[in-house]
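In structure tokens, the next block holds one chain alone, the form predicted alone.
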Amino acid sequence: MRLQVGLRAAAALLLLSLSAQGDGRAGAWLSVYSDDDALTVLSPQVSGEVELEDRYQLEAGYDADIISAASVDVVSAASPRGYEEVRHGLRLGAGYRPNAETTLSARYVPSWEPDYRSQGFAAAARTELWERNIDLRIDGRLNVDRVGRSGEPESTFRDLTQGSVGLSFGLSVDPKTTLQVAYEVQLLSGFQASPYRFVAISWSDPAQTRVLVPEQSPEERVRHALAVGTKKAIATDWFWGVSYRFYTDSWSVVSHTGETQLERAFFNDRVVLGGSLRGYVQGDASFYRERYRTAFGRLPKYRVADKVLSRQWSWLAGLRSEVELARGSEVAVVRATMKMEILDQHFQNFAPLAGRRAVITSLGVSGEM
């Protein structure tokens, strides 16, 4: 029922976007993730946007994740048969442009699934300076979430609050080169473990039988991320970009992400072909252990069985194509986008799963008035 309601709302928005007395944009996207660890995620989404009187903007969208999982660690920790579930999400937003260089916007982003409820709020301000050669943006987000177990009453769910502030600076160095710097800090407070996972504790006395205890992680976490990047037109119709992101948090997780992209435009930008390559490396959380061993009866204060908190590295390679399907007076332009990516991920000290490889395929269609 929720899926039907979401799709109906999104379809109505698409019609509004394309029939509004003003600039309108609408799009639909479908992504499929499938890996060799028995995880499949089907993610449809649809969105629309309307600009009125060159000052006001309305937007809305619907997305879903249809998940089927029988991963090794899921089967061993959560369910002997794995699980299937659907996450639904909505996006409702409004924007105001007091002048040609400044935009103010706000969004409400709720989502729900059998074991997770989220109420998200976001606000942003963006302005352009120095004859639009400098782009400044500040945004803030707040999520009020409830976390529990599927099939149990919501009164048993636990709270999780997430808040973040982000700043970004963009500079047009010359007509062919742009530079981007962004920083974000995020604060989390509340239940951040999994209600499904149990951690094996081995006693130092071999005569004692090991026990399984619920996962428990700190309730407070502060995250910091700093990213820098540049894009450049390196020749006629050729575009190249490179970026780096550094991340650290109060759980002592440190990660580095590097990415490069190359694109080539054909037929007066009616066809664009591109490729990308991203590398990622991460260290353990301070309290993460591949195996927990302690004196009999003395449980570690924090214990987790989450591969996301383990030492790991990965690479992601992708190909992308964008083709203009139509252009005319009624519809300014209609484009189709196709993307295929391969993800290769390696967990260096996570016993149930050493690694996985995934294929991600995506197809989207968008139109502008």
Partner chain sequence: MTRVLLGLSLVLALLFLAGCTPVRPWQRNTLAHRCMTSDSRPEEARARRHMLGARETTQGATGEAGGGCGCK
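Residue numbers count along the first chain shown, from 1. Because the structure is predicted, anything quoted here is derived from the model rather than measured.
There is also a form predicted together with its partner chain; it is not shown, and the following applies to it.
- Though the partner is left out of this view, residue 102 does not reach within 4.5 Å of its partner chain in the predicted complex, counting heavy atoms only.
- Its partner chain in the predicted complex is not approached by residue 296, whose heavy atoms all lie more than 4.5 angstroms from it.
- Proximity of residue 305 to its partner chain in the predicted complex falls outside the 4.5 Å heavy atom cutoff.
- For the chain shown alone, residue 346 is not a contact residue for its partner chain in the predicted complex, no non-hydrogen atom being within 4.5 angstroms.
- Screening 149, 97, 158, 278 for any heavy atom within 4.5 Å of its partner chain in the predicted complex leaves a single hit, 278.
- Scanning 127, 111, 250, 189 against its partner chain in the predicted complex with a 4.5 Å heavy atom cut-off leaves one residue, 111.
- The stretch from 149-157, 203-211, 261-269, 286-294 that comes within 4.5 Å of its partner chain in the predicted complex, counting heavy atoms only, is 261-269.
- Counting a residue when any of its non-hydrogen atoms is within 4.5 Å of its partner chain in the predicted complex, the hits in 104-118 run 107, 111, 113, 116, 118.
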